[in-house]
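Form predicted alone, single chain, as C-alpha cells, below.
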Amino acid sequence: MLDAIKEFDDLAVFSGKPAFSEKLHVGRPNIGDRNGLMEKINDVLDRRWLTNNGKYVQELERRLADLLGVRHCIAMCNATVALEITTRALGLKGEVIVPSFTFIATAHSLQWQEITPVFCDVDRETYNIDPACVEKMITPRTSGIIGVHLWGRPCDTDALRSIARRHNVKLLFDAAHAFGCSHNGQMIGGFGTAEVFSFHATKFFNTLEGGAVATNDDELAAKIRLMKNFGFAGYDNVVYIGTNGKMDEISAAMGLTGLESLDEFIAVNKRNYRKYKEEFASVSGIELVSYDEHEKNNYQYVVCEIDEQMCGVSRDNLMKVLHAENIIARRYFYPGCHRMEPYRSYFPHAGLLLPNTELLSGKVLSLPTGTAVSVEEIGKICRVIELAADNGPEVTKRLAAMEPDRIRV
C-alpha cells in the first residue's frame, strides 16, 4: 500500500497528502559519468575551442554513424533546425504530408519555411502515420512525406518507401524518439533519404540541446554540412546559402559521455517499462503501449491508453488525480498539431479526416520513467492509478462538483 494514500478519500486531489513530496516527470535528464563529463568540459575550456567543428563534435559524429550503421551523421544544435535544414536541402516545397499526432516541431519546421504541412491520420494500432491515408492525400503539390517513429516504434518504412517512389516524392523520417531502436534488424537512421534525431535534455540520450541528421546520401550530407555553417566551404569561401545549425563542443562532450552509459540508460528504461506492464496487467481500462522485444528499443516512453468506458474515469481526470500526487503525467500528443495554431485557423475542419488522431489524443497518457524514477516509485504511481480506476465513477462525480481552482494540476 501507499504510505500517503490508504483509501479513496486520501487522494491528494481531494485534499489528501500527495504521494510524492517532489514532482516526478516523464523524463528527467540522464547525466552519465559526471567526472568524465567534467574532464571533457575542462579540456574544451583549456583548449578554448568551444564550437566550429571541434574534436568532440567530430568524434561524436563518427561514433553515432557507426552505431546507426550509416555513412553520414551530422550533429546539429537541435532537431528542429535539423528538420528545417534537411527539408530545405532536399528541395521540399508546396505540400509535405505529416502526421498530426506528433510534437508540434514536425509541422512547424515546414510551416516556418512556407511549406504546407498536410496532416495525415495515423494507424489505430501503431500510432504511426498510416500509409493508406498517405496515398490518398498526395496531390500534384506534394513534394515529400515525413514519417514519425512515435515513441521509438518504427513506421511502416517499406510501404512509405513504395509510395514515395511511385509518386516521385522525397521520404524523410522524424526519428526524435527512436535513437537506439531498430526495425527489421536494422538500426533506425538509415531509412528514407534521411532521418532526424533529437538529443534534447529530456531524451534518454541527450547532448544538453542538440540533434543530428543521419543519411547514406553523400550529396545530401555535403549540402547539409554547408547549410548548417552559413554555407562556408573553407575559411572565407561561402558557396551556398546557410544558417547556424552547429553543435558546440560542450554539447558534444555531453553526448560522448552519454554514449558511455547508453546500455545502462536503456536497461533502466526497460526495467521500468516491465514494472509498469506487470502492475497494469490486472487494472481494467489501462492498456500499456507495447514494444517489439525482438527489436532493439530504448523504452524511453511509458505510454498507456485510458479506456473511460471500462475504468469510469477519463484520461484528463486521471491526469488531474496524478498531478495532485506530484506525478506529472503528460498527454502526448494532445490535442494534435491540427488543433494548434496556426493550423487550426488554416484548416478548421482537418479533424474530419483524422478520426484516429482525434480518438487517440483523448486517450493517451505518458507516465514518469527514466533513471530518476525507481521501481518502488513506479509501484506507488500504479497504486494511485489503480485506486482512481477502481473508483472511476466516483472520481468523475467528485471532480465535476469541485471548483476548478481547487483541483491541483
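Remember, predicted model here, so these are calculated numbers, not experimental data. A residue's number is simply how far along the shown sequence it sits, counting from 1.
Another form exists, predicted together with a small molecule; not displayed. Remarks below refer to it.
Counting only non-hydrogen atoms, choose the one of 71-79, 213-221, 249-257, 130-138 that falls within 4.5 Å of the small molecule in the predicted bound form.
The contacting stretch here is 71-79.
Partner-contacting position among V148, V96, C337, I306 - heavy atom within 4.5 Å of the small molecule in the predicted bound form
Of the listed residues, the single hit is V148.
Only one of H200, K270, K296, K320 gets a heavy atom within 4.5 Å of the small molecule in the predicted bound form. Which one?
For this set of options, the contacting one is H200.
Counting only non-hydrogen atoms and a 4.5 Å threshold, tell me whether F205, R274 and V373 all contact the small molecule in the predicted bound form.
Checking in the predicted bound form: none of F205, R274 and V373 is within 4.5 Å of the small molecule.
Contact with the small molecule in the predicted bound form for P368, defined as at least one heavy atom pair within 4.5 Å: yes or no?
Although the small molecule is absent here, P368 would stay clear of it in the predicted bound form, with no heavy atoms inside 4.5 Å.
So in the predicted bound form, is the small molecule close enough to T87 to count as touching (4.5 Å, heavy atoms)?
Heavy-atom contact with the small molecule at 4.5 Å: absent for T87.
Within a 4.5 Å heavy atom cut-off, is F191 in contact with the small molecule in the predicted bound form?
No - in the predicted bound form, heavy atoms of F191 and the small molecule never come within 4.5 Å of each other.
Since only the chain is shown here, I'm wondering whether H177 would be in contact with the small molecule in the predicted bound form (any heavy atom pair within 4.5 Å).
Contact check for H177: yes, within 4.5 Å of the small molecule in the predicted bound form.
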